[in-house]
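Shown next as structure tokens: one chain only, the form predicted on its own.
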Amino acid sequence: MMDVSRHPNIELITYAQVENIAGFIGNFTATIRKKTKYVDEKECTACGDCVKVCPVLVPDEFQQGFSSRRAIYIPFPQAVPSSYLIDMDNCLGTNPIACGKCKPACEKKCIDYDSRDEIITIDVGAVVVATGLKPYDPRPLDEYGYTRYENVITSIEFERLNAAGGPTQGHFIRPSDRKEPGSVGFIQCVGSRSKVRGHGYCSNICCMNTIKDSLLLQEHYPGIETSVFYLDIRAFGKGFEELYRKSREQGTKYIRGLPGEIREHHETNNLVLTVENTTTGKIELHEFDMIVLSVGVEPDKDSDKIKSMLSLSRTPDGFFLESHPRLKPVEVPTRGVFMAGFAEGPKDIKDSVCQAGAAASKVSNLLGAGKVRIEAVTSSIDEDLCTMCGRCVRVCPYNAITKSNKKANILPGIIEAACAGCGACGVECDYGAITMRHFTDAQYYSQVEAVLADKPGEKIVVFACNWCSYAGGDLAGTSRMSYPSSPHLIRTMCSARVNMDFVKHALKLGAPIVVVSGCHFSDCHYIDAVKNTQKRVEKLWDELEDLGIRPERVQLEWISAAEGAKFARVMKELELLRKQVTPKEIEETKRILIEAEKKKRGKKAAKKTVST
């Protein structure tokens, strides 16, 4: 951090919060609130004279509450810049001044009670999201007595008790009596791998952190008894298995099974836990001086706001979703935005450093190029047809369409550098004002007509998303999976590009089954454009039902690029459904839809006449 602060090309803004990011690749504008410290960080020499006179004592968050700090303090020893700040939530007050002792104690006159937050606006070409992590809080469930027993601590608290700069100067003691413990038990997967008590994912770092802690105790306190209660030891990194074996050789016991109950001995304050050893199949009792809960990790609390600002997608676990897990691991669907570290998912230091380097390289390539190469499949707006209704602006997942203003006669515009070509805007426009280059309505109608030109009753029309469903079908083919020949795929960049008029056109031409297939909600290449797909298909189902047409003849399927087997299975099921559609039903459907279209045209003509 010190090197960063001294770098001539890096501006370090500390104690600040990003309030908004607007714009597009190469042209982002960030609005930052630099919170006031009430201390001039440029003039402060960190002499500590102000701390000596401060009468307020509060628990020190950095030391996990094992020690205290003053209302004026440095957040942590390695803070950059090394200057004090005033915690106004705990200060006795400045309006009116109830204390004010720190200000006269400062010889440099750095303290200003009247200072306020500063709003900073900066223009940037790229954004790196590196929001870090939040340790799981074991208090809500309290299954292991964390809030009831003083000698039950978390792995984060264990680190502070062992740190040379910690509250005990590196001397490991148990909190209840300040004595050196003779036995320590570690409980794994607290808040991880269980949706009942925490999160269903593995937090990645917990196993090796516990192995490291057990070795640390064995080396510094020979003779101490250490035991680890676990589900599985996931030591998959370079040299990790060797550390695991070394821990066992040093005397640490590994018991496969998670404790079901912990009780405290009322005289000794020792902790007695009950566990089923799944290796022996027996219920065992173990007694320890201390218990360490190996807590998992979860996304940072500010991730919701960042997701909204940058139009990001998230996995079901709450971490940000990358563009492609293998080919674009640090990129997101929003161009010019990259990820590093825990923002993308749980990972250890080595993986975080590698990802940070990759993100920095991507940013360097982007900014060094001077120009941005964009895909040709962007949208364009016909100003003569646009009514400035604003519906296209609302459905764009990238905020790539500028807002219109009827009073000022300002039409919406497409920011091509931000447009990803999903086509959702073109479908939403009822006036034909938006055209998607290379994926026009006329091209889709032509493809549907070509597919159904011969023996339409024997074919299934499938509108398949380019990134997932189409790739899933390709995987089924290259994997030599067997499925019927009746499905005919029409590729779309996104399922949100599928106008329901395309589907009705296929039914009018005699298609027995029409399928709209796209990405799973968590895998959408265009952030959340698939939500528009679902709304439109559900609306079409209601329309078909009102007309007396079976809605199940229009299917909606979510198939990912890796689900070749699912693609083959779904096509087999649809073939069975196709055989149930009779020629008579197909002809009746054609008649109903043609009549409905004539009525619709008649209403539009009448409305136009009245308007004229």
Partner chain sequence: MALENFHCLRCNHKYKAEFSKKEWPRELTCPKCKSNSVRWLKKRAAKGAGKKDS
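Numbering follows the first chain given and starts at 1. Remember, it's a predicted structure, so these values are computed and weren't measured experimentally.
What comes next is about the form predicted together with the partner chain, which is not displayed.
Contact with the partner chain in the predicted bound form, judged as any non-hydrogen atom within 4.5 angstroms, is confined among 442 to 450, 156 to 164, 330 to 338, 531 to 539 to 531 to 539. The closest non-hydrogen atom of residue 134 lies beyond 4.5 Å of the partner chain in the predicted bound form.
When the partner chain is considered in the predicted bound form, residue 557 lines it closely, a heavy atom lying within 4.5 Å. Not displayed here, the partner chain is approached by residue 566 to within 4.5 Å at the level of heavy atoms in the predicted bound form. The partner chain is not drawn, but in the predicted bound form it has a heavy atom within 4.5 Å of residue 574.
Put simply, of 49, 552, 43, 585 only one has a heavy atom within 4.5 Å of the partner chain in the predicted bound form, and it is 552. Of the residues given (253, 520, 197, 282), 520 alone sits with a heavy atom within 4.5 Å of the partner chain in the predicted bound form.
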